[in-house]
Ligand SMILES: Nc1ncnc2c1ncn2[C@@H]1O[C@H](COP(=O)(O)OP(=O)(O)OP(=O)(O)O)[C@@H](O)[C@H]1O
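What follows is one chain in structure tokens, specifically the form predicted alone.
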């Protein structure tokens, strides 16, 4: 087991409201780690804190080096990339132009393999607002992968996708983790995607750690069912 990214006792308060309290998890290279829970559980807040976007409590380690408090741009240069619930693409720019800009910002590298892997060859010269929403999501994923990051923090990448599009995305995430040895943290409400690609799940409820384990074991876990539906019946 090779731990690449480790978060300890992550917390966040807004005034007197505790949004997240003492949540810890570790990401392994080549694995997809799912972070799930009902709405308001603190999943996106967790990513915001550990990616440096929002100040909070706790400690963050990358390759056994503490990076707590580093800015999002510093995190990105280290090899820690993230996506957002809403795509961060530029509607009026072509796909190729956006990849070129991202590549320049990341210090150079190869984007051809990304384009081929994600099936974006046919839309490279098309403006982003003229391609399908599913393709826009893939462009967003491609942008987060420019520069070959070691850690990928994904916040609901399948949001708004059809069942077929979600299946395609899931296949890409599996390939990215294994082929590039990337450690992925996946926040997602699409349980088909979660149970297909994740090797381990951490479940949050009301901003706190609830349970962690193998997806197959947690699928019918009483505590998980109660957190989502309010009853084990």
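Numbering follows the first chain given and starts at 1. These numbers come from a predicted model, not from an experiment.
Separately, the form predicted together with the ligand exists; it is not shown, and the next lines address it.
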{"query": "4.5 Å heavy atom contact, residue 19 to the ligand in the predicted complex", "finding": "yes"}
{"query": "Residue 39: touches the ligand in the predicted complex, heavy atom cutoff 4.5 angstroms", "finding": "yes"}
{"query": "Close approach of residue 126 to the ligand in the predicted complex, 4.5 Å, heavy atom", "finding": "no"}
{"query": "4.5 Å heavy atom contact, residue 85 to the ligand in the predicted complex", "finding": "yes"}
{"query": "Answer option from 179, 208, 196, 189, heavy atom within 4.5 Å of the ligand in the predicted complex", "finding": "189"}
{"query": "Of 29, 26, 51, 44, the one that lies within 4.5 Å of the ligand in the predicted complex (heavy atoms)", "finding": "44"}
{"query": "Residues from 152-167 in contact with the ligand (non-hydrogen atom within 4.5 Å) in the predicted complex", "finding": "156"}
